[in-house]
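The chain that follows stands alone, in the form predicted on its own, written as structure tokens.
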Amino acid sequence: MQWTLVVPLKPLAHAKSRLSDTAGDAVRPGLVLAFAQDTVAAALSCPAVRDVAVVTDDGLAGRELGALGARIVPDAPGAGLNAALAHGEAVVRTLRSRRPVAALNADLPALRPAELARVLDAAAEFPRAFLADAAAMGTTLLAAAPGAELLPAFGTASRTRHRASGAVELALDAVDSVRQDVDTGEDLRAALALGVGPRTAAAAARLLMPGQ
């Protein structure tokens, strides 16, 4: 079974404000783009993934992620993360109604294709399933089988909301790269310890050596 992934991405200038203590306004958009590039590149390398649709209105992000092979879907609702995901799901299912769909965070710079494949294979056993983030409060992936809706409820404490909505929580070990999203400087350090993709590694190095 091959999946279509829907990846939402805010305009880069407005994304990841909680990283401001680590990356200032001048460099944070580039760091956020690097996260998304490494996430999408890893996802497209996953044998369980057929294609990736990125929902964004950011022109630079659209060009860069499109160059990697992602389909770019304009964020027509412009009403936040969950509306963007629902819109992206509707667009991809217009073309491929019988394919499973999963929402994936754009801030997984340490993502490993093999670990993502394990998560998607496990999710395929249920109508709807999700993976909690490393903090055990949020969600990094929400999956829906053909015929089931995603019903995304991302945001603060989304783990509780997704469980309450009837989605099955996936209890998997050794998928740290799929759980480790990046919202804070501490999260970034944890992702770097796992080993991030080349674009995030380069952007993080510029943070540590700004004069280089």
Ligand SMILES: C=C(OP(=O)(O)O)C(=O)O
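Note that residue numbering follows the sequence shown and begins at 1. Only a predicted model underlies this, so the values are computations on that prediction, with no experimental measurement involved.
We do not show the form predicted in complex with the named molecule, though everything after this point is about it.
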Worksheet item: in the model of the complex, do 18, 139 and 181 all put a heavy atom within 4.5 Å of the named molecule?
Response: yes
In the model of the complex, the residue from 72, 91, 81, 117 with a non-hydrogen atom within 4.5 Å of the named molecule is 81
Answer key: of 146, 47, 155, 185, within 4.5 Å of the named molecule in the model of the complex (heavy atoms) is 155
